[in-house]
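There is one chain below, alone, in structure tokens, taken in the form predicted on its own.
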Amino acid sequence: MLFETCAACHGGSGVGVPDGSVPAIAGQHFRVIVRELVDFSNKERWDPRMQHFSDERHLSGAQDIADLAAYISRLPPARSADQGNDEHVQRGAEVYARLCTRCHGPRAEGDNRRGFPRLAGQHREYLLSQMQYAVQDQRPNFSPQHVHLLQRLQAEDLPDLAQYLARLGP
């Protein structure tokens, strides 16, 4: 089964690792999973572990990617265990409502049709690292508009936003 390779890092239920080193993928939208796998295999996104597991030896073509994405998208999402503290959740909610709701939805549920990822319940540290990579132009598969939006935020907004998103239920 294709998911066994993924489960080695993401866990058998696809919930990742709370320290943010491996994201939760369970219940992520089909189109988002496909895009990320293709980006990793085409070196449009970097992670040494994913480069190895998204190669042709592990995913031999479009059907393997589609099958794997379908399986992952049907796994039940879970709320992150690492949700930080209450100190700045309200501020994160305000930032999210002002800048993110239009694309990611009112509860950060994302949009499969438009290819916007579900962010609700993702690990706080993973969210924070990905936003920081985007701001520093180290995440090439983020759209320029998205990078520009994140660059408009204050440095202290990013941890608050990540903390708010981690606390949202899937």
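It should be emphasised that the depicted structure is a prediction, and the values quoted were computed from it without experimental measurement. A residue's number is simply how far along the shown sequence it sits, counting from 1.
Below, we refer to the form predicted in complex with a small molecule, which is not included among the displayed structures.
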Legend entry - in the predicted bound form, C103 touching the small molecule (heavy atom, 4.5 Å): yes
Legend entry - Partner proximity in the predicted bound form: M50 to the small molecule, non-hydrogen atom cutoff 4.5 Å: yes
Inset, instruction - Mark R35 yes when one of its heavy atoms lies within 4.5 Å of a heavy atom of the small molecule in the predicted bound form, and no otherwise. - result: yes
Legend entry - Interface membership of S21, the small molecule in the predicted bound form, 4.5 Å heavy atom rule: yes
